[in-house]
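Only one chain is given next, in structure tokens, and it is the form predicted on its own.
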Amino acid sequence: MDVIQKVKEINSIEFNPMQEKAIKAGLFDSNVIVSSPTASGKTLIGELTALNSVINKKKKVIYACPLKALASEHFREFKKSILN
């Protein structure tokens, strides 16, 4: 499954330049470090990678972040987006 196209279709979005750069850098084929300002779209990059790992590689994924509240918020938003 083409995770990138599916996410774009479901969410009716276009990726910003930082996200495009991460994708072109081989997001699914190698380790990629994304360093960009707050609210620039890093979480979506992580979600794309996680979805690709689960759907196409049949692997488990762990999401970690420094704040429990942030992790809970991301979980709720991710859950809401995949259930719609």
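The structure presented is a predicted model; accordingly, all values stated were derived computationally and were not measured. The numbering used is simple: start at 1 and walk along the sequence shown.
There is another form of the same protein, the form predicted in complex with a small molecule; it is not shown, and what comes next is about it.
Visitor: Which residue, 61, 13, 65, 23, is the contact with the small molecule in the model of the complex, using a 4.5 Å heavy atom cutoff?
Guide: None of the other options qualify; the answer is 13.
Visitor: Can you work out whether residue 50 and the small molecule are in contact in the model of the complex, taking contact to mean some heavy atom pair no more than 4.5 Å apart?
Guide: Outside the cut-off, so no.
Visitor: Are any of the heavy atoms in residue 40 no more than 4.5 Å from a heavy atom of the small molecule in the model of the complex?
Guide: The answer is yes: residue 40 has a heavy atom within 4.5 Å of the small molecule.
Visitor: Even though the partner isn't displayed, in the model of the complex is residue 27 close enough to the small molecule, meaning a heavy atom within 4.5 Å?
Guide: Although the small molecule is absent here, residue 27 would stay clear of it in the model of the complex, with no heavy atoms inside 4.5 Å.
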